[in-house]
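Only one chain comes next, encoded as structure tokens, the form predicted on its own.
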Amino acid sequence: MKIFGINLAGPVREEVERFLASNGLKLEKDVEYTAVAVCREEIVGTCSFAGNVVKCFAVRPDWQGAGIAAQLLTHISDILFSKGITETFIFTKPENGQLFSGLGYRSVAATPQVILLEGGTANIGRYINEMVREAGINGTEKAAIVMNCNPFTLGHRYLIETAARENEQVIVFVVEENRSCFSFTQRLNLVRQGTADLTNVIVIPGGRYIISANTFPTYFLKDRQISVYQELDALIFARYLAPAFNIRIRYVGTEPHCQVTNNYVEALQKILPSYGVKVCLVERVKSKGECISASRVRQLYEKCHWEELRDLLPPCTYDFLRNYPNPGSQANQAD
């Protein structure tokens, strides 16, 4: 039995896809590297990574218990270490959780379909406590909003205004993953500029445990199929972030066009209340009869329809776009 990395651009890709499918998995589009265990020219195990996330792991049932999992993981860990990555995460089936725990990984959260484990120097408790410390906030009960803001629109502003009007303090977590048309720094700055007058609103980075490649890896893929990761992301928010920040209510906007977002809202409504966090669904604000969305803004921006954009954007975003080079079509990216 041999273990080696493969070229996913070659014909072996279909073989890996068939092997994963036979184990109830698929080869996700963001995979950067895949290792296979081969015996007598047949794949008996495989493991991949994207960023610092280990995924697409499977071992043929008749080879389980033969040490292949440990060898695959050691191979992947060596590659990641050579890239300077010491914090790692694994998505796998819940029944594999005990296997990886025996290899030094720790469970973060699990749903009936998927479990997330962390290894190396990763530590969710320590990380979130550091988020709270850096935010410099008090122990007041809070409302929360999670936004990508790609870019920041009057729709985002309306949702924040609503929460600010109804609560003593509001935290806006801006998704930190850099997989959008506009960079995280640009998006964060626009939200801060666009809410500077709301004195009870605090805008902070979302970090690596809110709608990130570590908790919701398919959110940023262009096909964005219905994902088992939606409940996982909601569960992590409820178990770790809500109590650390003393969050008692989370605001979300309605989404008339995106099924993934609608299913995510359903996951939040299913999980958060059982942890003492209310979910408040706010009807999306409209302009000229059409819902304001970041995807619509990007479409108009691509065509330089500046007059129409004035009705959809706060001044800070409008001015930013007028001075920002048009990146081409980004209509399918997350809001």
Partner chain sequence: MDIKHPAKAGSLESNDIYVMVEPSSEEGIVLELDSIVMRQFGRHIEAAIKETVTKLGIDNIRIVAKDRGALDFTIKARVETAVKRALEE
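Rigid core: the largest C-alpha set superposing within 1.5 Å between the two forms. Numbering follows the first chain given and starts at 1. These numbers were taken from a predicted model, which means no experiment stands behind them.
Only in words, not in the display: the form predicted together with the partner chain, which the text now covers.
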query	finding
The partner chain in the predicted complex: contacted by all of Y240, I249 and Q269, heavy atom 4.5 Å	no
Position in contact with the partner chain when the complex is considered in the predicted complex, options A244, C258, L103, A135, heavy atoms within 4.5 Å	L103
Single option in T195, T111, N96, Q71 placed near the partner chain in the predicted complex, where near means a heavy atom within 4.5 Å	Q71
Proximity to the partner chain in the predicted complex (heavy atom, within 4.5 Å), stretch among 122-130, 155-163, 139-147, 201-209	122-130
4.5 Å heavy atom contact, N262 and the partner chain in the predicted complex	no
N167, heavy atom within 4.5 angstroms of the partner chain in the predicted complex	no
Close approach of S183 to the partner chain in the predicted complex, 4.5 Å, heavy atom	no
The partner chain contact in the predicted complex: T86, any heavy atom under 4.5 Å	yes
Per-residue C-alpha change between this form and the one not shown, K83, threshold 2 Å, rigid core fit	yes
Y301: Cα shift of 2 Å or greater between this form and the one not shown (core-aligned)	no
Large Cα move at L268 between this form and the one not shown, threshold 2 Å, rigid core	no
